[in-house]
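As structure tokens, one chain now follows by itself in the form predicted on its own.
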Amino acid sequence: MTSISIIGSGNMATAIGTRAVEEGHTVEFLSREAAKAQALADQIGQGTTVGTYGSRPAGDIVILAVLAGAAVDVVTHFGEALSGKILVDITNPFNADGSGLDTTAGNSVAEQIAAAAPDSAEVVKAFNTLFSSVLKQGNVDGFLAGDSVDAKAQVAAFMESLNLRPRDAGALSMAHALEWAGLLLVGVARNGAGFDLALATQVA
């Protein structure tokens, strides 16, 4: 069992939080909109709690389920409260018309988060190639990237507990490639495949 804190209260926060509780993890929600976090905790139930936004999260793994443009500001706001935590960036920084990204190689959202976070925090990019509807079903590949082997192992174990197949893409510098993979997935979904799909690898 893992202790999970989720910053955010949208669709992905709901999907990850629900699956985590179903698999026996403890879940805490934190949000600028405390009422939304409380409503989500009440909806999920099973001991789900609500923390104070900006205070130290209870979870060992902290999932940043916020808009890409807000992620760095959120991490800056929490500051040293995130010391020693594993921060999971699930964001996709699409541009306004969805034709590209607002980030560049070497400047992914995950890398920006790492620069803003306390030195003792470890950042892992994960979950950004999964739609919330597919996450509920499980049995799909989930890609992750990060510089800490231990942090990636803990996130991978959490993903496995949600019936996902973690696929290690390498160092945090690969986060930008995963952001492009998220854009590719949305493009395929919008052009006839629908949103009940996921990117997959085939291991011989």
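Throughout, we count residues from 1 along the sequence that is shown. For clarity, every value in this text was computed on a predicted model and none was experimentally measured.
Omitted from view is the form predicted together with a small molecule, to which the following refers.
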So the small molecule isn't shown here. In the model of the complex, which residue out of Arg56, Arg165, Lys36, Lys136 has a non-hydrogen atom within 4.5 Å of it?
Lys36
Based on heavy atom distances of 4.5 Å or less, which listed stretch (137-145, 153-161, 27-35, 170-178) is in contact with the small molecule in the model of the complex?
27-35
Would Ser132 show up as a contact with the small molecule in the model of the complex if we use heavy atoms at 4.5 Å?
yes
Is Ser108 near the small molecule? Define near as a heavy atom within 4.5 Å, in the model of the complex.
no
Consider Leu82 of the chain shown here, and say whether it contacts the small molecule in the model of the complex, taking contact as heavy atoms within 4.5 Å.
no
Since only the chain is shown here, I'm wondering whether Val74 would be in contact with the small molecule in the model of the complex (any heavy atom pair within 4.5 Å).
yes
